[in-house]
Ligand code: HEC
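There is one chain below, alone, in structure tokens, taken in the form predicted alone.
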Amino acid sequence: MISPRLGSLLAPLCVALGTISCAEDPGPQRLSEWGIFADGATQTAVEGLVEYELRAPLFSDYSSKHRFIRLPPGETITVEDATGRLLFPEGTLIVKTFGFHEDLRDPSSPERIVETRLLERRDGRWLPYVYLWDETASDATSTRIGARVPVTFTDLDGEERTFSYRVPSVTQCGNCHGGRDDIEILGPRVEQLDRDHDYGSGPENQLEHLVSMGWLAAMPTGSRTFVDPADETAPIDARARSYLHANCAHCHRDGGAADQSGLWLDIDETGESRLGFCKIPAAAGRGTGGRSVDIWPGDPDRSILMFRVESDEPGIKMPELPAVLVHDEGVEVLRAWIASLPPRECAAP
């Protein structure tokens, strides 16, 4: 594992070598300098830092997540009602901490806090920062080039699992959040935030809470298409499309890092070819697994998509970032969805 100290020593070489990305401002060396947590070990936020959850969260190796937003005093969030995109004011801070409970079957089991990622809105752009927590979660140190952290937990089946968790570099943060465009916010959008969260007085709709705080002028209008992919009462199409948007569309979208693939998986996409139905891949190499189309309606075992999401082999597995492990529950949802599609014969390449 590369130490944060070594990362800070290597940072000045980034421009010359072209291998390590550095934001114009590396930010505070210690996370505590941002003044956002009263207690890092319990992720207790200071006043003005508001926690939120997502309907369809990104899978990150079965990690627990603590998400927060901080706005400058007197500022508000505006909404593009047509897209559900939230437009944040200058000075906004988006915070996401990753940790691991000792036993995934017990949310009250001890939690190891591993890393915190920040996005700061400044000069019309989002600047990324990554911080690696010490063993006691008393503070976290900036790391520009990422790290590998050994993690052990008991999974939902009661099996002990040990693997090398990947803390991303600043470059990798930019690749997922930006692709070939500027860095964008992926999680907090209207449809993702339209769910309940307990702020201390029982469950409350998050959007209504933001309105009550004055952070939103009014409840946004428009459809609500996102669902929790784990919600077995929801239609399988909605579960799968929500899952694909949360886990794949940050790259597989117009302007994303994988838009040249022609496979666009954002929840607003309606074109069957762009969704991969009977679509011959632009270039996948050994990532096809010998299969000919991205999604073969009605047949998961003939679909390249399933071959890739069921693999943990570098160069084949998808999503490429950020996870290392296969998401078994997500695989089940995608399998059920493809199997539910009206069968058809796809043309040979």
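Because the structure is a prediction, the values reported are computed rather than measured. When you see a residue number, it is the position in the sequence shown, counting from 1.
Same protein, other form: the form predicted together with heme C, not shown, and the subject of what follows.
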In terms of non-hydrogen atoms within 4.5 angstroms, which of the given stretches 154-162, 234-242, 206-214, 122-130 touches heme C in the predicted complex? 122-130
Counting only non-hydrogen atoms and a 4.5 Å threshold, tell me whether 94, 169 and 282 all contact heme C in the predicted complex. yes
Considering non-hydrogen atoms and a 4.5 Å limit, does heme C approach residue 55 in the predicted complex? no
Within 4.5 Å, heavy atoms only: does residue 71 come near heme C in the predicted complex? no
Non-hydrogen atom contact residue 65 with heme C in the predicted complex at 4.5 angstroms: yes
Please check if residue 291 has a heavy atom lying within 4.5 Å of any heavy atom of heme C in the predicted complex. no
So heme C isn't shown here. In the predicted complex, which residue out of 185, 137, 227, 267 has a non-hydrogen atom within 4.5 Å of it? 185
Interface residue in the predicted complex among 104, 86, 147, 251, criterion: non-hydrogen atom within 4.5 angstroms of heme C: 251
Just give me the residues of 105-120, first to last, that have a heavy atom within 4.5 Å of heme C in the predicted complex. 117, 118, 119
